[in-house]
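In structure tokens, one chain follows: the form predicted alone.
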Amino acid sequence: MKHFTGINDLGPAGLEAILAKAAAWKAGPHPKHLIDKLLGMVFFNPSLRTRASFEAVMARGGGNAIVLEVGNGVWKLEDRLGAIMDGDRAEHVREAVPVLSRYVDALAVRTFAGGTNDDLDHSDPVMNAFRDLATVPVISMESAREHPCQGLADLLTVRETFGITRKIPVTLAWAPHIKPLPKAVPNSFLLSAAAAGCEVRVAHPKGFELHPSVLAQAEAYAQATGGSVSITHDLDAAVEGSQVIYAKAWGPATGSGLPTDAIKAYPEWMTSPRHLDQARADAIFLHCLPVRRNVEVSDAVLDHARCRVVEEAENRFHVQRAILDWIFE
């Protein structure tokens, strides 16, 4: 039984296969490869693109989806082992997940990081509980550690723009925000880009480091694929000559000593036309969406001809139907 809750479930070779199938299917008709398949979608947190794209994949592929919103028409779920359940969480995943597995062919789960402890978020407790307890494949629609479907869509966008990913210089650019955000999206872009052989430059202010284990995994992928990973605290240096600027906000690292509102303290890190001008003339801009205009990214960048955020969001559909095909093949 296959699961897809992180890039490590594919590895570089599997990532290449998914991107190739997604690209081929994008150029052709919708295959009816999900007839009689039922996907259970469990949302602990809100969604727009993820929910719509997965439901569209199932419908266009001939299958169906059941959407469950935890705490909104569905019992709040407890995931902690040994918990004394005298609060508002009425059901434990130890019962809920096996029951749901009896109804559907696969489970897709969306759960965000707690944001108070990087080590706890890195352990991905809710997603791993579903993996351990499910008797059907589990797919991540974002978790405390990764958002792997987003990472694949990002790389498909890079590949269809430039034809290749190996040796492409890409910048993962930290962005300011009104509140600290999880690290799942930057983790997945870094891991996916390294697994695809990109030369990844991670740029962020001091104190906003990604988890050491994620960095180590990305380094291992880069060594295997001929890519590279570098870290800098100088955004201008990072975007110089880059072919992709990927902006994303995330919160301070645990133990950094920075207050949570430090995410507002670096307005100069907002991606602006100046950064596009420093990149290559054919460079594209990416962001996972939703994006706060003129906080994370300026209007001028988001409305620029080289902004690819809509195409990037469309590619969620194409990589996810390839993932589901891989899951069920």
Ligand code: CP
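A residue's number is simply how far along the shown sequence it sits, counting from 1. The structure displayed is predicted, hence computed values, not measured ones.
Below, we turn to the form predicted in complex with this ligand, even though it does not appear here.
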{"query": "This ligand contact at residue 48 in the predicted bound form, heavy atom, 4.5 Å", "finding": "yes"}
{"query": "Touches this ligand in the predicted bound form: residue 288 (any heavy atom, 4.5 Å)", "finding": "yes"}
{"query": "Residue 316 within 4.5 Å of this ligand in the predicted bound form, heavy atoms", "finding": "yes"}
{"query": "Residue contact check: residue 242 to this ligand in the predicted bound form, 4.5 Å heavy atom", "finding": "no"}
{"query": "Stretch from 219 to 227, 144 to 152, 164 to 172, 205 to 213 whose residues place a heavy atom within 4.5 Å of this ligand in the predicted bound form", "finding": "144 to 152"}
{"query": "Interface residues of 103 to 128 toward this ligand, as seen in the predicted bound form [heavy atoms, 4.5 Å]", "finding": "110"}
